[in-house]
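So here's one chain in two forms, each on its own in structure tokens, numbered structure 1 and structure 2.
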Structure 1
């Protein structure tokens, strides 16, 4: 079985930052592997180590800079990587779900995987929708917010737990081929070993343009337009304790005594 894992490099915003137009200033951003995707990569690599998967391929929509992040996934055990990018994508302000679906569907068509794993959501634009949208587009079954996976190769079924709200899990059988969106906590993502990092240097990261995957610039046209970005207004009337650690702890202790929860 071949497993395709979608991997995203996400921007994290520094504690203090400025908004310039409809984006956060580049100097306030740091890039990292999307947390949810890290768990998806780990799940795929474990499927390979346990037997059912022969190959783990990652796919990323992102500029050349993203290769650093992709190398992390390769160092953790993915076999090779595909990176889709070109000028039309670079110019797009907001890659909406439909655009990402189109691009990833084109890659699925080329790669013909049996299982696609994605993170539940991404830490930056947080649509939380690409995996399920992709599944529908490529005619795969799917499961969203999966926090346990028991893959039955003989029956072609993924037995999954879906993490619902309020401490309830749904047990679901999903026919393969499928797209599963992976929730944090499903496994314990490994650290990349030095050996893995060395090996990753020689693994393939195939850059592809829209044309390479059989699409034209229309595929990037979005119905969603970002019109403004701002820091949310705080409705807070928080009373902040001033002073050094001893003083602030002292004030906090007073409050806890006043509220009658500590003596």
Structure 2
């Protein structure tokens, strides 16, 4: 079984930052592997260690800078990686769900995986829809918000627990091939070992352009337009009490009495 894991580098914004046009200034950003994708990578690597999976391939959409993030997935056990990027993608103002779906679907067609794992959402744009959209486009069965997975290799079925609203869990059997969007808590992502980090340096990251995956610039045209970006205004202030427990408790009691919620 081949498992394809979609991964993404996400930007973390510094405490103090400036907005330049419709983006946060690049100098205020640091990049890391998307948290939910980290759990998806771990689940795929465990499938390989336990036997059902023979190969784990990661795919990302991102510039050359993203290779540093991808190598963390390789260091944790993925076998090889694919990075899709070119000038048309760099010039695109917004990579929306449809665009990502088109790109990832092209890679799926080329790789022909049995199982695709994605994070439920990304920590930056938070669309939370790419995995399900991908499943719809490639015609795979799918399960969203998966927080436990038991794969039956003989039957080709994934028994998955899904997290629903209100704390309700659902057990669903999903026939392969399938796309599963992975929720945090399904496992405990491992730290990359020094040996794994060294091995990752020699693993393949295959750069591909739109043409390489059979697409053209039309694939990145979006119906969405990013019109503005602003820092949300705070509707209240936060007061931090400093001192030992007695001092802070006393100050809190004063505030509660001033607000009329305690006597």
Partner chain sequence: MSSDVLAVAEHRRGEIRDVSYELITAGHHLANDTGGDLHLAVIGGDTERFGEDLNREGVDYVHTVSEGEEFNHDIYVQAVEALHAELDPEVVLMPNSVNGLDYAPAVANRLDIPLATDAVGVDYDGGLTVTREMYGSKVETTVEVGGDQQAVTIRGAEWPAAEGVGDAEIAEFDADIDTDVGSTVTGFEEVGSGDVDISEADFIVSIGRGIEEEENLPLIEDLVEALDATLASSRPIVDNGWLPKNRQVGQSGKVVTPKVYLAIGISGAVQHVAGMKGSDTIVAVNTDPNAPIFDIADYGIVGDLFEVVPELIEEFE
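Residues that one form lacks are left out of the comparison. These numbers come from a predicted model, not from an experiment. Numbering follows the first chain given and starts at 1. If you superpose the two forms and keep the largest set of C-alpha atoms that fall within 1.5 Å, you have the rigid core.
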Legend entry - Selected structure - the one that is the form predicted alone: 2
Legend entry - Rotation (degrees) of the smaller of two rigid parts between structure 1 and structure 2, from C-alpha fits: 50
Legend entry - Rigid core superposed, the C-alpha shift at residue 250 between structure 1 and structure 2 in Å: 4.4
Legend entry - Rigid-core superposition between structure 1 and structure 2, with residue runs of at least 3 whose C-alphas all shift by 2 Å or more: 237-250, 252-263
